[in-house]
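First, one chain by itself in structure tokens, the form predicted alone.
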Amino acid sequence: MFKKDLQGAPKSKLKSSVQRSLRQSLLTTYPLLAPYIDEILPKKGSLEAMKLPDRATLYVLDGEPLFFQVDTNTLLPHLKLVHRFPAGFPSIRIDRGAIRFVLSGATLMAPGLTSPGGRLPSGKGGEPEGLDEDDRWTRELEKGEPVVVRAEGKTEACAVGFLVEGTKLVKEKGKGPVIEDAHYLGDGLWRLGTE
């Protein structure tokens, strides 16, 4: 999605009513952010919006990119925010072999998740949502849901995007695309200056 370099656009300050609705939207989409929400979006903070190509909007607080959205879809976290609060977002893990493809902007395919180094959600009901002892997300993720992509052997997330297939179906089929048009480390959105 953001393979090419992006030009910084003027930022516009958001009204407090818009900030409140964004805050509520974040908590609805990412309930695990609740303990950190005042740090991410302080009530007296000055949240700004930056228009990007392809009808995308980046939300910035004090020069730090927080979230972006394309059209009027769900808010997706910027990777810099994911690196600050990794436990606040549902995640899957790719194996070492898939890292270079994801970091070049390729579509994330199922074999990178179903191999021994990959991790799809365990689907264990009854456990609190988050990572279990096997480093697997506990709840199955549905098609269209936002997800963070972590890499085998790495501590920081490498991409974020929407699932084009539910994780249960990915386990059953073992092939096909899983995430398309993701924001990844080193892409235009990552390199965009927000000051």
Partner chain sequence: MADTETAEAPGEPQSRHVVYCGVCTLPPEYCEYGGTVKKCQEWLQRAQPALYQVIWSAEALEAATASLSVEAQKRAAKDAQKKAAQAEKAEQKQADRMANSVVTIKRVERNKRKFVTAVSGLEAFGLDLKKVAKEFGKKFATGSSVTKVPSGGEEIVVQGDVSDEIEEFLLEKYKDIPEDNIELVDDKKLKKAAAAAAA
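Numbering follows the first chain given and starts at 1. Computed from a prediction, not measured in an experiment: that's the story for all the values here.
A second form of this protein, the form predicted together with its partner chain, is not displayed here; the remarks below concern that form.
- Interface residue remark: residue 185 is counted as part of the site for its partner chain in the predicted bound form, having a heavy atom within 4.5 Å.
- Contact check for residue 103: a non-hydrogen atom falls within 4.5 Å of its partner chain in the predicted bound form.
- Taking non-hydrogen atoms only, residue 80 approaches its partner chain to within 4.5 angstroms in the predicted bound form.
- The closest non-hydrogen atom of residue 154 lies within 4.5 Å of its partner chain in the predicted bound form.
- Just one of 66, 33, 47, 158 comes within 4.5 Å of its partner chain in the predicted bound form, counting any heavy atom, and that one is 158.
- With its partner chain omitted here, the record of contacts in the predicted bound form names 144-152 of 24-32, 144-152, 164-172, 53-61, defined by a heavy atom within 4.5 Å.
- Shown without its partner, the chain has 83, 84, 85, 86, 96, 97, 99, 100, 103 in segment 82-121 as residues with a non-hydrogen atom within 4.5 angstroms of its partner chain in the predicted bound form.
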